[in-house]
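Coming up are structure 1 and structure 2: the same protein chain in two forms, each one given alone as structure tokens.
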Structure 1
């Protein structure tokens, strides 16, 4: 398993790629918070936020459909809000029975549910675009410059950096299990459900112990090489006048979208 399998950065010479990572991180956070604060059913504001996203995609040279295709996979997670269809008071639209319960979909519940889906969809696309146009080390340093707690940025950085190591460890455990679960041709290897659950539990325990031991060795190795709790980068991260202009313009556009949503 290679590190590239987890790295979603796309090298381009676009306008967004050249921006300071602090600008991209800050605008992304403000955009997501703005979407969360928009009232339910603010369709014109949702359209404005979507146009802002399309413009950002064009400036990234990744294509207008880049974030759209990759955001579809996140929509099922927004279905966790499906309960608002039945819990919000309002005019009944439809009713159905499930087991011993009667569920009634209301107009306000449907409005809230659709609004949540749109907010989630737009926010996920902006996060995908941020990762695609910003190198991960630069993103971590941008968070540090924005005064995100150091312990949090360090945990994120090491989780991302060693995720591929854990994946390799899982594959080795799976290969070891397969090599010890021989079976005749046409028959399934291994035992029943309880046997597989026991093996999976043992594998999870081994993975935890190996990860703990590896993390201790890595930390001691870092301390011996002068690690002081700060991750360094070769990029200077100097804010230019254009970065300030872009930040101000983006915040102004997002503020206008907020005003439109509250008219």
Structure 2
């Protein structure tokens, strides 16, 4: 329970919070697909997509900068794309020596690199916004109603529920290990890498067994409440006319952004 930090939901009474989770999930996916479809260097369209994002941020009452602050997590991966700077044929912009090689940045390379980063950055922010304005259980319901197989959504629901219980257990295990990781003056402490790996593996094994046996108890608890192989849920969500209008409007805007990008 101490890892509430895992929850990305921010309680607010905003327009976006009240929207049906299906609408939010659908629009997010369409937005991300649209970004991927925009050609390199479609700056105007990227700006359009960005405005869409800012508007959504405003509607969520979380503040314009909310998703921006958290969007850095995708940055490390950008390293992977850095090679396109040099590998695309085009007009050389600048070149420099590093170690024994001569690197030349081309205009096409730069264009492509920046485009990739912008696509990624916009998409990540929309995904961040989605979970900030939708409670995760509602998101699971949305997936259910969007025809994701029930077995997957229930596994995800269980995962979400026990994520907190088990990560708590892991952190207690790690604490126990840490508190016994001592040294005496003059000794080289810590053991060998293999031994340390084995201890970590033991912890994983321990955790596995406890999870496995817990699943038995949960199964018993489910049985005693009438479970017989089928899971039933109530649908707590109903699409209101407003939800349809919002979906239509959002799709229209995204479509216009695509048009701008291809003109």
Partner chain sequence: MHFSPTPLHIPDGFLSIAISAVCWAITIVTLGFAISKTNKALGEKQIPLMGVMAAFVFAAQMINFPVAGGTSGHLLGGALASIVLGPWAGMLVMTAVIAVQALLFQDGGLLVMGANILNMGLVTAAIGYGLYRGVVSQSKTVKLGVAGVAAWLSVMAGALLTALQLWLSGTSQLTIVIPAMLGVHALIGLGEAFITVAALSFILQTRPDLLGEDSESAKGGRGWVVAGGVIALAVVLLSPLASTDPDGLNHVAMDLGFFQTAQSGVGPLAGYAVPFLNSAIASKIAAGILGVIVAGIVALLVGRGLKSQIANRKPPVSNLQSSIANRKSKIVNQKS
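A quick note: this is a predicted structure, and the numbers were derived from the prediction, not measured. C-alpha atoms forming the largest set that superposes within 1.5 Å between two forms make up the rigid core. Residue numbers count along the first chain shown, from 1.
Taken from the form predicted in complex with the partner chain, structure 2 is distinct in origin from structure 1. The Cα shift for residue 220 between the two structures, taken after rigid core superposition, is 2 angstroms or larger. Core-superposed comparison between the two structures: the Cα of residue 113 travels less than 2 Å. Residue 136 shows a C-alpha shift below 2 Å between the two structures [criterion: core-superposed Cα displacement of 2 Å]. Core-aligned Cα shift between the two structures at residue 167: this is 2.9 Å. Here the two forms are laid over each other by their core, and the C-alpha of residue 155 is off by 4.2 Å between the two structures.
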